[in-house]
Ligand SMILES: C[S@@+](CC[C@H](N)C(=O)[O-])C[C@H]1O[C@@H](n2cnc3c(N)ncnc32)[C@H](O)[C@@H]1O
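Let's start with one chain on its own, the form predicted alone, as structure tokens.
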Amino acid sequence: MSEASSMPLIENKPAVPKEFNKIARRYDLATFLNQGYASDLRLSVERMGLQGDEKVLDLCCGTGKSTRPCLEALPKGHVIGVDFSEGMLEMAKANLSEKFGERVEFQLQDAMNLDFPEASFDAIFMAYGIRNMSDPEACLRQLYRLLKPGGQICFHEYSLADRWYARPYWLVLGYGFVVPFCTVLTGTSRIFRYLIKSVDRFLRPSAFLKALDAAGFVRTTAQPLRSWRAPILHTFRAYKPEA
């Protein structure tokens, strides 16, 4: 085993996509049994208020769980789903390509080094992805470049609320339920132990809004998701200024 492969994932984020390859075929089952997973993604997309004809980048699209609500909101639009896990993209194509045809395409790309021209997209949606980036601030600057002037970006992301109880709540939920439950379903605990640590280390909502401001975005907002997810899961929205 190489030194890099034996490192904890939290210290070796470029290895995260390969770990998702290992659970790709069981990932949808795990999320299906997660109460509210699909409806939460749909709510974040609804909060974007898309007009229906935009070109949207769904970044870190995984098996297409986030791509589906984007497509449903864009009857005349087009979605490009991007992920750096071959296994997850295979599942996304199997789940959505036949139903949505030419309105969707999937590409294998590194979210830290995207191969798109400047101002390519009307909107960008990124679910459960920005905290996995090796340099989130650099990623934000890149996404700013890819948006058209006036375009919107939306992050559907775990970010512990600026409240004293949010962190212990997450740790109990994560190590008490998420890790053991998902380990049984997928046969591995590594990616889920990483999940708990990555959320714990990620920016709190107020700090992430400041990072968006620093990258040049305007009209930045954070909205919690519903019920038991409110202390831990948020919709972040921001805009690139008009030209």
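Since we're looking at a predicted model, the values are computed, not measured. Each residue number is its position in the shown sequence, starting from 1.
Omitted from view is the form predicted in complex with this ligand, to which the following refers.
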| query | finding |
| --- | --- |
| Answer range among 198-206, 44-52, 60-68, 171-179 for contact with this ligand, defined in the model of the complex as heavy atoms within 4.5 Å | 60-68 |
| Listed residue (Ile80, Leu147, Met133, Met91) with a non-hydrogen atom within 4.5 angstroms of this ligand in the model of the complex | Met133 |
| Close approach of Glu137 to this ligand in the model of the complex, 4.5 Å, heavy atom | no |
| Contact of Tyr27 with this ligand in the model of the complex (heavy atom, 4.5 Å) | yes |
| Proximity of Cys154 to this ligand in the model of the complex, heavy atoms at 4.5 Å | no |
| Any non-hydrogen atom of Ala111 within 4.5 angstroms of this ligand in the model of the complex | yes |
| Heavy atom contacts to this ligand in the model of the complex at 4.5 Å, residues of 211-243 in sequence order | none |
